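The chain below stands alone and is given in structure tokens; this is the form predicted alone.
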Amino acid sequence: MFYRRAGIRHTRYQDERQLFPLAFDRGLILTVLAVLLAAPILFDRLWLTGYLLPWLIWTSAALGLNLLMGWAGQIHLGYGAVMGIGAYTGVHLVRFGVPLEIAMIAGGIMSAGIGTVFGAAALRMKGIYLAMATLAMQFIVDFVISHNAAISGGTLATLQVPSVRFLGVPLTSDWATYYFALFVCFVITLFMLNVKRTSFGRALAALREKDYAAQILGVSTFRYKLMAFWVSSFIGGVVGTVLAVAYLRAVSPDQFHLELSIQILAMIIVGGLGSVLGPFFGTALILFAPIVLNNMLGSVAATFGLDLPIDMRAHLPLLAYGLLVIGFLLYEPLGLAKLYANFRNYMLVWPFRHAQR
């Protein structure tokens, strides 16, 4: 069918190292990229700033956490705090007149430094104990940000983000902020696609499977666990700055609580741990499923003339959404990316079912 290929007959190393060896995959990627580039023309303002912009930003954050949890197998329940550190660092720097490009990198470095300090606990802990250590990071960072007036201005204070430029373009219009978020998401996605082909990515995979076996094979668990926390936290800090500048436009302590960490964690679990495609699917499901279910319930009630109480209208979509997430965890724990991979593998050999691979 569309995916089919007749054997593997590479004659050059460049062909073997392609990210997308199938022509159909390359065409699909280019089509999606073209739609995203033309989105400001194709869609109205609600779709652009209400759906696509948060989807790109949250997907970028989920990709960063997926490097740590999906590639290195290290549990992290405090990623919202990592993004908060980057957001406050970036916002303070741009308020002092520092260019946004430098503020983003500084936010990433600040998040990476603090995240690595807490991540050092991974050298002695694993599993639920490491989860509790990162959860403690979330609460400690929340407390420091909320009760330090020099950082947040106080528990109920809000810091406004001034007008900024990125590569000389003022981020004042919806188009500019959308393309800014799209550029950051594209760079992070490209990095994630390539990292698993490097020695760093292969070392993280070895740590994820059996860390003591990796140590026997010569992989330094000390070095690579710290590197995983550093890179993941750096991405989280950069995305935190992007979130504050391009979407929130103002930061307050309640935006980076535990709920944000749990939300991003759910995105990568439902989407697929260790997959680059998974965070895109998982973010779309977590962000938009409640909205779609609420609209569907409203349409059904209007069609059949049902007079549903407001409380039921508010909670039934959340109930269905929770059941949907539980269903994925029970029947496809590898997430939506695995469902797509199953379909793709089937179409590779269709109609010969016996040759699935």
Partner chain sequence: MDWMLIAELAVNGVFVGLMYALVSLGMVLIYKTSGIANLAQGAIAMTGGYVAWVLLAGLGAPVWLAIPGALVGMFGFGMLIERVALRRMIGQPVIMTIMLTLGIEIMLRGLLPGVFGASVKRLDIGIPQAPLFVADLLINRATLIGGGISLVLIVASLIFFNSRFGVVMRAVADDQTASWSVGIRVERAIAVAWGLGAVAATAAGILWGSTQGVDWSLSLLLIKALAIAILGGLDSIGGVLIAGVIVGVAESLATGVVDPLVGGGTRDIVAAVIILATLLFKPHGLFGREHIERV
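Basically, rigid core = biggest C-alpha set you can superpose within 1.5 Å across the two forms. The structure presented is a predicted model; accordingly, all values stated were derived computationally and were not measured. Residue numbers count along the first chain shown, from 1.
Unshown form predicted together with the partner chain; subsequent notes refer to it.
Colleague: Test of understanding: in the predicted bound form, would K126 fall inside 4.5 Å of the partner chain by heavy atoms?
Modeller: K126 belongs to the contact set for the partner chain.
Colleague: Spell out, yes or no, whether the shortest heavy atom distance between I216 and the partner chain in the predicted bound form is within 4.5 Å.
Modeller: Heavy-atom contact with the partner chain at 4.5 Å: present for I216.
Colleague: Does any part of H315 reach within 4.5 Å of the partner chain in the predicted bound form? Heavy atoms only, please.
Modeller: It does: once the partner chain is placed as it appears in the predicted bound form, H315 has a heavy atom within 4.5 Å of it.
Colleague: How about I109 - does it come within 4.5 Å of the partner chain in the predicted bound form, if we only consider non-hydrogen atoms?
Modeller: I109: no, not in contact with the partner chain in the predicted bound form.
Colleague: Within 4.5 Å of the partner chain in the predicted bound form, counting heavy atoms only, one of 69-77, 240-248, 159-167, 84-92 shows up; tell me which.
Modeller: Only one stretch qualifies here: 69-77.
Colleague: Can you work out which of V231, A203, L273, I145 has a heavy atom no more than 4.5 Å from the partner chain in the predicted bound form?
Modeller: Contact residue from the list: L273.
Colleague: Name the residue from L46, L319, A302, A34 that puts a heavy atom within 4.5 Å of the partner chain in the predicted bound form.
Modeller: None of the others qualify; the residue that does is L319.
Colleague: Heavy atom within 4.5 Å of the partner chain in the predicted bound form: which residues of 244-281 qualify?
Modeller: Sequence-ordered list: E259, I262, L265, I269, L273.
Colleague: Establish whether a shift of 2 Å or more occurs at the C-alpha of A289 between the shown form and the other one, with the two forms superposed on the rigid core.
Modeller: Comparing forms between the shown form and the other one, the A289 CA shifts below 2 Å.
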